[in-house]
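One chain comes next, on its own, written as structure tokens: the form predicted alone.
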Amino acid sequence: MCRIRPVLGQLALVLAVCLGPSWAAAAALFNAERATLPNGLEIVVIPNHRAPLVAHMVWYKVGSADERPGKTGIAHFLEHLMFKGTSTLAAGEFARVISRNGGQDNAFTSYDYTGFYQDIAADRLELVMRLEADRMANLKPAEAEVRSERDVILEERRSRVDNSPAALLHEEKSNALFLNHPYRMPVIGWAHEMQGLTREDALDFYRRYYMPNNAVLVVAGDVTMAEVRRLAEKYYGVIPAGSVPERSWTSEPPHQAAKRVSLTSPLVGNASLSRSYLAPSYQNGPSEHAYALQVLAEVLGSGPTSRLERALVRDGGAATRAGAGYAPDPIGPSTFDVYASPREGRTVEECEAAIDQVLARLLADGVEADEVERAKLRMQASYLYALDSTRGPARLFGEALVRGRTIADIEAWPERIAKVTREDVERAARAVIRLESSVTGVLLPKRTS
């Protein structure tokens, strides 16, 4: 405690200086500006003039949850193929041009979206906008490149999932937790379906979803909206809008029974236990609990003063690590997670019993007002730290806007967290921590002679 109080005191001072007397004053912390081109492309600019750098990101409103049955992995496969040539650019040339100009680039795919980014000097912004707009409209990967890249994603699955017991268990847990929602399918895809993905599959997906009116352009750094808009109109503005398929995801039915999955492997070094409870998000289920669940996760399992850490790890407890997590962002349902790894000589059963004891006490006795206030202060401070990078705010805004949230939602987050009460946290806990809507995963080492 004697170590924590000075830290919290410093954070309080920082917050007071930066945000003024109330969280309402934080409404323009990022000073983000928004515009929309006539072809439907949304533009968001987040000015930050501390260094002559920009982060340029294009987010498409399509992810693995939009894949057709039998075509798992196509969203991620297309993400790879976006680097494999256009009408005017050879395969691999996109990344080489960015590198020659001192920048770096990459891409990512999730259930809800696919994104591409470049970090580069501000005076190279026009270059990356020209290149990114080109592959939004003119992707033409050669058949040989497609076959080669399919081998790449299969190898990626082998290395990141098939040879990782933790990743395999995560797949099994997702498949057990989500009875009907497409989040039960892995983003990277099932190997036997990935093997059958073709160039035509990828281009069909590309033609259906990659268009300006299904994308969000986010530029953060040493730029102005006037400059970005001029360049966006020049390069993206000439691409015609298209007809975007309406999302029609299947939804979850009520859950009636707790599930349990266990995986034993010689690749496991240390045993672990994790449990995921089906939870609402900002946009799915009883969303009024979304802010309180973030505070609950902080109280339960974030840092050395959290309840799980104190009960399971401190003073030679049953575990070497323990915690909790919750992400409110998915378009579909989310999960509230708890986890622990047993100390040598202790078991996952002991960890599970200890977790259950912590949760039972919380549900019976509630939370304390001061631990809620400390949790909120730490969370609000982390919001300020996002200002320290160029890409961090771009990712924050892109991830939210591509999922249908607004700039006002992002700017209001500290104020909404500040309004969470002890009673809100207790109501959220009782709504979500229900064994019948959970899956428990156990990872165990397999001893070999």
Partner chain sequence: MSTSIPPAGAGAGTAPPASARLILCLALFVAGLVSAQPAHAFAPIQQIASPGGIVAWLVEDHSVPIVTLEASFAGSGSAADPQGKEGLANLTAELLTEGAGPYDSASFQTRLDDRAISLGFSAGAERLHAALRTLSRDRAIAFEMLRFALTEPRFDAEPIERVRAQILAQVQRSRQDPRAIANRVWYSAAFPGHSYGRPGRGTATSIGRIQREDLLGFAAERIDRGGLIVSVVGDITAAELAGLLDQTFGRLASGAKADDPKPAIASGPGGIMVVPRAIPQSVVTFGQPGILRSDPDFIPAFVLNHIIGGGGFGARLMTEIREKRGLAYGANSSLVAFRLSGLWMGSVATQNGRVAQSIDLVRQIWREVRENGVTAEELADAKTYLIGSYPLRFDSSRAIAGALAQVQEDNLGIDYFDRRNALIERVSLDDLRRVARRLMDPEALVFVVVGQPSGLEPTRPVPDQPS
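Just so we're clear, the structure is a prediction, and the values are computed from it rather than from any experiment. Residue numbers count along the first chain shown, from 1.
The form predicted together with the partner chain exists for this protein as well; it is not shown, and the discussion that follows is about that form.
- A heavy atom within 4.5 Å of the partner chain in the predicted bound form is found for one listed residue only; from 123, 233, 227, 356, this is 123.
- Only one of 389, 406, 31, 421 comes within 4.5 Å of the partner chain in the predicted bound form through a heavy atom, and that residue is 389.
- Comparing 67-75, 282-290, 255-263, 371-379 against the partner chain in the predicted bound form, the single stretch with non-hydrogen atoms within 4.5 angstroms of it is 371-379.
- Annotated contacts: 99, 304 and 344 all touch the partner chain in the predicted bound form [non-hydrogen atom within 4.5 angstroms].
- Contact annotation: residue 151 falls within 4.5 Å of the partner chain in the predicted bound form, judged by heavy atom distances.
- Taking the partner from the other structure, the partner chain in the predicted bound form has a heavy atom within 4.5 Å of a heavy atom of residue 119.
- Among heavy atoms of residue 80, some come within 4.5 Å of the partner chain in the predicted bound form.
- Although the partner is absent here, residue 246 is not a contact residue: none of its heavy atoms lies within 4.5 angstroms of the partner chain in the predicted bound form.
- Contacts between stretch 34-61 and the partner chain, counted in the predicted bound form as any heavy atom lying within 4.5 Å, involve 50, 51, 52, 53, listed in sequence order.
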